[in-house]
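Shown here is one chain on its own, the form predicted on its own, set out as structure tokens.
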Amino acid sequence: MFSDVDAAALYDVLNPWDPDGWDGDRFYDELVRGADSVLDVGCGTGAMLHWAREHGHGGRLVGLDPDVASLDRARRRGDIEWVEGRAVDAPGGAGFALATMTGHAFQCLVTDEELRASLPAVRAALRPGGRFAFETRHPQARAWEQWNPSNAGDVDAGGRALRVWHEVESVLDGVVTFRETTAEPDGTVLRVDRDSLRFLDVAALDGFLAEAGFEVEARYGDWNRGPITATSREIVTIARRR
């Protein structure tokens, strides 16, 4: 078996937080360092906030996530607040300077109803003029076409060899539903997780943001703050609370 606890540990192996080595991590680290209070929505195992505290952030740091096993790993640091919940549960009136959703967590808001409930909740957690930073995969890049068993990856999960691959079940109205399989190197399946992600284009994304009371402050097509082009794979957004 491969438990939720194992899956949370594997996530840290596959997604180490390293602003010194990864442009995306550096992008968010710069924003976090410049904010006196930060709410990380979909914080997972808390790696971004761990790094910030370890590197001198002295303000309020709060991580919010619905996954209990991930939060248990996050709570290895007791000098950060950890809250079980989804974006819609963001603490209203908290006056954060910055809210973030990293690791394409924004795409987990699949339905219009989820977006229309979650975005106002994030806004309400910010102070006037507070910023919300997040990224989504640009639908024009069709990232899901690479999610297939032929691109299986072999990983070392703390001395345990594993193989991980993805298979797309459906692509419908911008929502991609897929399975992630974790297996032994010989292919013996240990765990299958099913998930759905929404791919919004810029116009649709901005419509939801405006409706929730945000204005787009900056928009990038890559982690080096380049513009969105016909080949951009990301839509990186910094929105400000009106």
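Note that residue numbering begins at 1 and tracks the sequence as displayed. Remember, predicted model here, so these are calculated numbers, not experimental data.
Below: the form predicted in complex with a small molecule, not depicted.
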Residue among 105, 98, 157, 121 with a heavy atom within 4.5 Å of the small molecule in the model of the complex: 105
Against the small molecule in the model of the complex, would residue 213 count as a contact residue? Criterion: heavy atoms within 4.5 Å. no
Does any heavy atom of residue 86 come within 4.5 Å of a heavy atom of the small molecule in the model of the complex? yes
Contact label in the model of the complex: residue 206 to the small molecule, heavy atom within 4.5 Å: no
Is the gap between residue 29 and the small molecule in the model of the complex 4.5 Å or less for some heavy atom pair? no
Can you say which of 176 to 184, 30 to 38, 59 to 67, 213 to 221 gets within 4.5 Å of the small molecule in the model of the complex, counting heavy atoms only? 59 to 67
